[in-house]
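Listed next as structure tokens is one chain, alone, in the form predicted alone.
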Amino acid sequence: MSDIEIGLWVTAGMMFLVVLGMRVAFAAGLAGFVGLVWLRWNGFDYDPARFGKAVEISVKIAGQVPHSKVSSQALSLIPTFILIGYLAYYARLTTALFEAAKRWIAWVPGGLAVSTVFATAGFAAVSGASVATAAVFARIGIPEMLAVGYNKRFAAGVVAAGGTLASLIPPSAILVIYAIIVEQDVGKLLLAGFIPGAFSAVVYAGLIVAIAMIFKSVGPPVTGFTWRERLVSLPPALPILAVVVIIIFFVYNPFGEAWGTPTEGGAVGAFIVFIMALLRGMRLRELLDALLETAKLTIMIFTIIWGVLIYVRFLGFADLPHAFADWISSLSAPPMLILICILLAYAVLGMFMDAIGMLLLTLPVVYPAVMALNGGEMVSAADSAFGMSGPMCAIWFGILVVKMAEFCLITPPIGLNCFVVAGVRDDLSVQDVFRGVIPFFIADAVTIALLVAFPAIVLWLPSLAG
């Protein structure tokens, strides 16, 4: 049996385990280890006397991979970004942000829902965790919307969909993971997420206003705020803006050299929000809760990374990524059509897998194929299929797949944000939340189509960084 055939059989087995309900981290780690043993034993012509040697070699490989990859400095961004979000919550910055958005925007049809979307976007700019964003605004936004007569399913859908913005708007844990897997510049990828993330929020807001204008009982406007009340609401929300500016200047300083690395920016941002939380009266119990929640989410992400990296190493030995890339590039269909099919495949996969696990499992195979479609990682814009150089294509594709990962956070039956919102609110079932997010599927489809059609939306900021 060839190495490629072994790779296909092991991958099929891993997907079968995932469908049965095994966690992605364990399914990938187990499949990767079994695959390594199978490859080695196949190399020994299935000699029974050398099976032990095949296992020994595979154990060494599997044992070395997680440490060598996870010790990367870039991954230290993940816990700092997550910590920023939880500290911002306990510093009451989220409440201040929502109050400011409500006073300025709530007068439009569906205004409280629009306020919630923009508040989640602002919170996403200091938090890299979609789940945390959804949980926070399920406590803040939904009660406000229900109090003025919003449909409860619609209110839940707004929060679940708004929480997904944290996947794109930096600091984003998923963007960092993408950068590590495909070995691209973390800073440029974080920069690339700003405009598409803000664009997604605007599309969500437009959809909400349209729904509220057509179905007037869904989201009534809220009026009565004076200009003085609006102006007074701004200063308490400004600290979030300050943290965003600091992170941007650490990633990319438009007026000169960057202040430091993205990792240092995340650490400084976490420290600043920590000081703000202390000044706003954060208690020791709340600090411990923030640290514990950060540790839980970080461990979950790192466990997935460890398991998947063993599988990724197996794929490398089986040479499956190169074989898949050669097959994709040999197809007679237009490259853009193939790319759209790949994105549609992500939409289907997202119905059965969590976002991070899905990207980690597929990128080692799909990324080389997309680069081959464009003409290679070193191709110039003039010679490429998508009209952009290899490095720019890597950034563009990264934003597209992360946007697809956002989409997967609200698609049944695995949509994690929907489960989080239902878990926070006793008066909502998971089915209620899934029904509430249905309109946002249309918004996400429109956003993805525009990002594909107009790559400049993604590439303008990173192109300024050189």
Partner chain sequence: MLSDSSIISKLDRTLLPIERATAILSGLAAFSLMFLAAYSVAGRQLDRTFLAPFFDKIGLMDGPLPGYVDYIEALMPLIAILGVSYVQREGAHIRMDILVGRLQGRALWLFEFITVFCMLVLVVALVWGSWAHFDRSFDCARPLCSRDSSIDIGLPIWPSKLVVPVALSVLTARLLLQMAAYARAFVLGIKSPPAVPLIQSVAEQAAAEAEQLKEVGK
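As the structure is a prediction and not an experimental result, all values here were calculated from the model. Here, rigid core means the biggest group of C-alpha atoms that superpose within 1.5 Å across both forms. Numbering follows the first chain given and starts at 1.
One more form of this protein, predicted together with the partner chain, exists but is not displayed; see below.
Exercise. Judged by heavy atoms and a 4.5 Å cut-off, are 250, 264 and 274 together in contact with the partner chain in the model of the complex?
Worked result: Yes, the whole trio is in contact, each within 4.5 Å by some heavy atom.
For this session: Look up in the model of the complex whether residue 436 has a non-hydrogen atom within 4.5 angstroms of the partner chain, and give yes or no.
Result: Contact check for residue 436: no, nothing within 4.5 Å of the partner chain in the model of the complex.
Exercise. Given that the partner is absent here, does residue 423 sit within 4.5 Å of the partner chain in the model of the complex, heavy atoms only?
Worked result: It does: once the partner chain is placed as it appears in the model of the complex, residue 423 has a heavy atom within 4.5 Å of it.
For this session: Give a yes/no on whether residue 287 approaches the partner chain to within 4.5 Å in the model of the complex, heavy atoms considered.
Result: Output for residue 287 is yes: heavy atoms within 4.5 Å of the partner chain.
For this session: Verify the contact flag for residue 206: yes if a non-hydrogen atom of it lies within 4.5 Å of a non-hydrogen atom of the partner chain in the model of the complex, no if not.
Result: Looking in the model of the complex, residue contacts with the partner chain do not include residue 206, since no heavy atom lies within 4.5 Å.
Exercise. Tell me, which of 456, 22, 445, 12 has a heavy atom within 4.5 angstroms of the partner chain in the model of the complex?
Worked result: Only one option qualifies, and that one is 22.
Exercise. Taking the partner chain in the model of the complex as the reference, which of 384, 329, 298, 151 has a non-hydrogen atom within 4.5 Å?
Worked result: None of the other options qualify; the answer is 298.
Exercise. Heavy atoms within 4.5 Å of the partner chain in the model of the complex: which of the stretches 219-227, 104-112, 158-166, 75-83 has them?
Worked result: After filtering at 4.5 Å, what remains is 75-83.
Exercise. Can you name the residues of 259-293 that have a heavy atom within 4.5 Å of the partner chain in the model of the complex?
Worked result: Contacting residues: 259, 260, 264, 267, 268, 270, 271, 274, 286, 287, 291, 292, 293.
Problem set entry | Rigid core superposition, residue 141 Cα moves 2 angstroms or more between this form and the one not shown | Yes, its C-alpha moves 2 Å or more.
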